[in-house]
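In the block that follows, a single chain appears as structure tokens, in the form predicted alone.
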Amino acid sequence: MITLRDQNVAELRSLLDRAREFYTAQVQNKKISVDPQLLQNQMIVQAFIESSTRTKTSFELAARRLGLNSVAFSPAQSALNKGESLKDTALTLKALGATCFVVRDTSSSTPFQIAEWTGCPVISAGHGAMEHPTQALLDALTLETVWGHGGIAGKTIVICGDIDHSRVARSQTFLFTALGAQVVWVGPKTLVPQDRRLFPKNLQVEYDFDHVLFDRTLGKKPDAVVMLRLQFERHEKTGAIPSVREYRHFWGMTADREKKLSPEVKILHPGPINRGVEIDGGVAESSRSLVELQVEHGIATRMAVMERAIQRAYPGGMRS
């Protein structure tokens, strides 16, 4: 589970259905049946080379609820600081019993490399600016919790902001389109990828946020709006945006914009949030916001992904 591009739709639906089962059990405080033989003797290495709060914690809790042996790998306290290569580190972890890796890194190639070196299943917890597949899956589960099973089909989902550096936006675009939604990108021209050959042909690209939200001549009104974190640490000195203040004025989900939206429009944000920049604090906490529900769905979604990765890699379970 490193990319959602060209994934089988039936497989994606199956993953979402399983995640929904886990989430229902979570809400009802019930245990859900998993195959103990499948999960026995599995060792999941949580390799968060890049820092994380929501994703890291939810993966750790997901592994615990599945009954998996989970080991947190800390780069700062590893031999990487002594000059050991990432390849040798990965092979060492495999020799110590690792059977699956969860990987988050600023490098886009790391999950692919670890999969190649070790032959183990690898789940991306976000790599470079490329993809963040489990975030997109939990966002889809969140929307279908509101819209019903299969409810994404036929909807218009707007993704707004710093798309060029957003791995979430890429995974969401692949997944939402595969599930039958119309995806619209909107943001400053300097922050919207110009090379879109890898993306669905029906992807719609706009640059005027108000036009997308309120001009009916554009087409169908949005059913959901995903606000992306402005990675302003990358842009304040590069001129990619005129200023944070102007960015908020043109592309932020302000309280004024939120009030003009149709009541049924939902707002998402994958976090972390820059309050008062890409989204106002009151909007993030409003009744139309699904931000907290997104976080709640993280554990169940990652349980489903880890279980499926292990099923595919070790269909007969691990031998003791």
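Residue indices: 1-based, along the sequence shown. For clarity, every value in this text was computed on a predicted model and none was experimentally measured.
The next section is about a form of this same protein that is not shown, the form predicted together with a small molecule.
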### Query
Looking in the predicted bound form, any heavy atom of G281 within 4.5 Å of the small molecule?
no
### Message
Given that the small molecule is not shown alongside this chain, does P272 nevertheless sit within 4.5 Å of it in the predicted bound form, heavy atom to heavy atom?
### Response
yes
#### Entry: Contact label in the predicted bound form: T53 to the small molecule, heavy atom within 4.5 Å
yes
### Query
Counting only non-hydrogen atoms and a 4.5 angstroms cut-off, does H127 reach the small molecule in the predicted bound form?
no
### Query
Going by heavy atoms within 4.5 Å, which of 284-292, 44-52, 31-39, 249-257 lines up against the small molecule in the predicted bound form?
44-52
## Note on the structure
With the partner omitted here, the residue among T110, T142, Q135, S166 that in the predicted bound form has a heavy atom within 4.5 Å of the small molecule is Q135
